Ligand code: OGA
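Next up: just one chain, as structure tokens, the form predicted on its own.
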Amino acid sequence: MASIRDLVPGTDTLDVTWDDGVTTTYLWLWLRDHSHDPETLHPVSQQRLVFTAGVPADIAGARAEVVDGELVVDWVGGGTSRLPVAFLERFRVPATVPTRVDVERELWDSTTIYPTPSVPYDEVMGSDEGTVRWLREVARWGFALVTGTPATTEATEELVKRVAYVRESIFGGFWWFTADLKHDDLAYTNTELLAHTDGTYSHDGPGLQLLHCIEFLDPVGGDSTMVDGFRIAAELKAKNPEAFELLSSFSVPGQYIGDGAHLMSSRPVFRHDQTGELVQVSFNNGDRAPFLLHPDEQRAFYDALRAFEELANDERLQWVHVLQPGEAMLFDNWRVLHGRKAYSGTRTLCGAYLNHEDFESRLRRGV
């Protein structure tokens, strides 16, 4: 941990020089707003208690010193604030705060994804460390199997809840399905599903999905497919930057019509955060809602769409596997696109959606 070498008070700022020579300028107002005293920051919830708008805009420190690992500021007009040096060190360089989990991603294709990322069921269920190892594999590759999962809905639901609570949707919470058109969605048929993400019609698309094939009788076909959407983005940005830029800026509408509902939402295929980092790939050609643009804009959109879809359904980039009972698969619906070959036979799956923030939270906590 860096230590503070020098403090230089100014009219409305405090210059902090660190032992490696870096100098950070903090507004007095920022220091007051981020004080760690119990009247400013709740010691349990870590929520801010201070009424920031009520702090004088011209607040100034009368004295500042480092005592026992804390910056202690006595304010003009009275009052004292304390801020841990370790906390200040986190903000030595002004920057937009990144929110993504610090797990390095591996962008993969059909050769580098094998052997398939997997963790044994007993390890996931046996300890928090096993669960987190599973989730780190998902964060790294975009998906991972849990092998040896009992082929029952009860065991699968317990597995899902090792991560977080189940997300409710138009399909319910924890669900099972077969080709019976119970819901007005192609997933409830045996037809081919090309590479897609779920919930493009939801303002907050499902973060993760767990699928477990618990029965496949007289199977013909039915191969599951996965493709790394972030790998698609990287290739498209390098080879066709115009298409990448269009799909990063134009909001594509999605809709779900059925079950007494008409859901609609809209977002770019490539959604970036405030730092410019890609955080979500969102694409479902089946759920894309109709829209009309000027002919030149419409042509450009179709060109970009074609470039994306050709990569998303390129066998060179795909993981292909017939899921067997016992292979529960958790995947990041904000990163990988999934699909399914047409099939015959009786195929029953179960699973659930999870929120992305809950997945990230579990990784940050590490337990």
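What you see is a predicted model, and the numbers here were worked out from it, not measured in a lab. Numbering starts at 1 and runs along the sequence shown.
Omitted here: the form predicted in complex with this ligand. The next part is about that form.
For the three marked residues, Leu31, His34 and Glu70, no heavy atom of any sits within 4.5 Å of this ligand in the predicted bound form. This ligand is not shown here, and in the predicted bound form it never comes within 4.5 Å of any heavy atom of Glu89. Although the partner is absent here, Leu193 is a contact residue: one of its heavy atoms lies within 4.5 angstroms of this ligand in the predicted bound form. Although the partner is absent here, Glu106 lies well away from this ligand in the predicted bound form, with no heavy atom inside 4.5 Å. Residue contact with this ligand in the predicted bound form: Ser224 places a heavy atom within 4.5 Å of it. A heavy atom within 4.5 Å of this ligand in the predicted bound form is found for exactly one of Leu211, Val119, Ile214, Leu208: Leu211. The contact with this ligand in the predicted bound form, taken as any heavy atom within 4.5 Å, belongs to Asp198 out of Asp198, Glu137, Glu123, Glu157. Only one segment in the set 34-42, 299-307, 61-69, 332-340 has any non-hydrogen atom within 4.5 angstroms of this ligand in the predicted bound form, and it is 332-340.
Contact residues in stretch 342-357 (any heavy atom within 4.5 Å of this ligand, taken in the predicted bound form) are Arg347, Leu349.
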